[in-house]
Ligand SMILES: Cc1cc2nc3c(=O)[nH]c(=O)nc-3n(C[C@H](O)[C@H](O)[C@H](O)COP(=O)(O)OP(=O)(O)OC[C@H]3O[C@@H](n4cnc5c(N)ncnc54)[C@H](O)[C@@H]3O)c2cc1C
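Before any questions on binding or motion, here is one chain by itself as structure tokens, the form predicted on its own.
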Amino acid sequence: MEIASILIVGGGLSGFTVAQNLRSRGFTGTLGIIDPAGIPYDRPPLSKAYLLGTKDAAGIQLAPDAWFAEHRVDVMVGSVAKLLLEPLGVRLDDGRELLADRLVLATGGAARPLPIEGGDLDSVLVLRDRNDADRLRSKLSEGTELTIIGAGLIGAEVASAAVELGAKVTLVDPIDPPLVPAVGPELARRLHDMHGTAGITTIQGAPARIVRENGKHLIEMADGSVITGDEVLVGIGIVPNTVLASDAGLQTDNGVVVDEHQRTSHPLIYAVGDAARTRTGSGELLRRAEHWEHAMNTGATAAASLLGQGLPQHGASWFWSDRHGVHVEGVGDMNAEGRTVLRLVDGAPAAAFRLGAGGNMLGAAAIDGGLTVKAARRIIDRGIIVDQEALADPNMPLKKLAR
């Protein structure tokens, strides 16, 4: 049956990528995106350039308004209240019903709540969308005391930006250093130590209770100590938005379960991005991914699958982050079984490579080393065995080893 219409629920990067790929791959039918925020925008700048004010709302759009008109992508401002299965479509929260031949769920995730007393206070901030970023920015000024709970990528990025805005930042995490599974212990240590150099107070510990008194937040820690400040931001990950899927009877398990074509348990409904979790052909349920590139990859895969075209091949998983004027990237699995080879620059770890028992590269990470990570990804994807002494040599361009 020829597909005449497709509705995408959610206007983040994954939903936009589905629409973009459908058009570039030749789909000429009716195509719509439903999202409360309207025109899709990029989320990573929310903790960096947008929070700092160096980019405005137009500057973080994934495409200009004219693109959607030119490519006949109807962006509808609204929220979906229910998925309809017979006939296929959605019911919006204003009661309107929209039908389509196929649905794509790009519902993303919500900020994971802090599971302690006071963790749900209205004054406790999170950062998931543009409204959250606007609210956070309005709270930050010279001398504002900001406590960030969670020192992962988002927490570290916000801490860096908040210091630039004049805030006094305290960064709390139960792990010291954070990000070891992502970049390895050596780079994680160097990255976390940058906070102290920037004047940020780092505390290893877990909050037990948050109280708001006289305009201040009191964070009672598990060890009995108390952190006092003006504002609190929680950045401890996300919870996938699966309510629409589960209410419609689709299979969910910490995400909307999809196959390798991004198809859900309903043959006419697909899911992409942070909310999707893949079950392989062998039955293995993979860990749900939340990276920016993963959103793009799943969107491209869904578009190809919808049109019955060959699925695109994606390389090893990749992520990046920015803090305190440095750029960090990682690729593959730095937490895999094996050994690490370090590349030092001026005595400090600048890159780390995770090697398996046979000498094959499984993961890599680098600080201000985008070309190094790009070459490492090629080495991982092609299964190239590299000389370990050359790998550790900072004067050896990794691209030479990737040939």
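All of these numbers come straight from a predicted model, not from anything done at the bench. Throughout, we count residues from 1 along the sequence that is shown.
Although it is not shown, the form predicted together with the named molecule is what the next lines describe.
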Using heavy atoms only and a 4.5 Å cut-off, decide whether all three of Ile34, Lys48 and Gly78 touch the named molecule in the predicted complex. yes
Going by a heavy atom distance of 4.5 Å, is Thr147 a contact of the named molecule in the predicted complex? no
Given that the named molecule is not shown alongside this chain, does Arg128 nevertheless sit within 4.5 Å of it in the predicted complex, heavy atom to heavy atom? yes
I'd like to know if Pro44 sits close to the named molecule in the predicted complex, meaning any non-hydrogen atom pair within 4.5 angstroms. yes
Mark Val104 yes when one of its heavy atoms lies within 4.5 Å of a heavy atom of the named molecule in the predicted complex, and no otherwise. no
Candidate stretches 241-249, 201-209, 257-265, 224-232, one within 4.5 Å of the named molecule in the predicted complex by heavy atom: 241-249
Of the residues Glu290, Glu186, Glu220, Asp333, which one places a heavy atom within 4.5 Å of the named molecule in the predicted complex? Glu290
Identify, from the list Ala295, Ala100, Leu179, Val169, the residue with a heavy atom within 4.5 Å of the named molecule in the predicted complex. Ala295
Checked 2-24 against the named molecule in the predicted complex; residues with a heavy atom within 4.5 Å, sequence order, are Val9, Gly10, Gly11, Gly12, Leu13, Ser14, Gly15
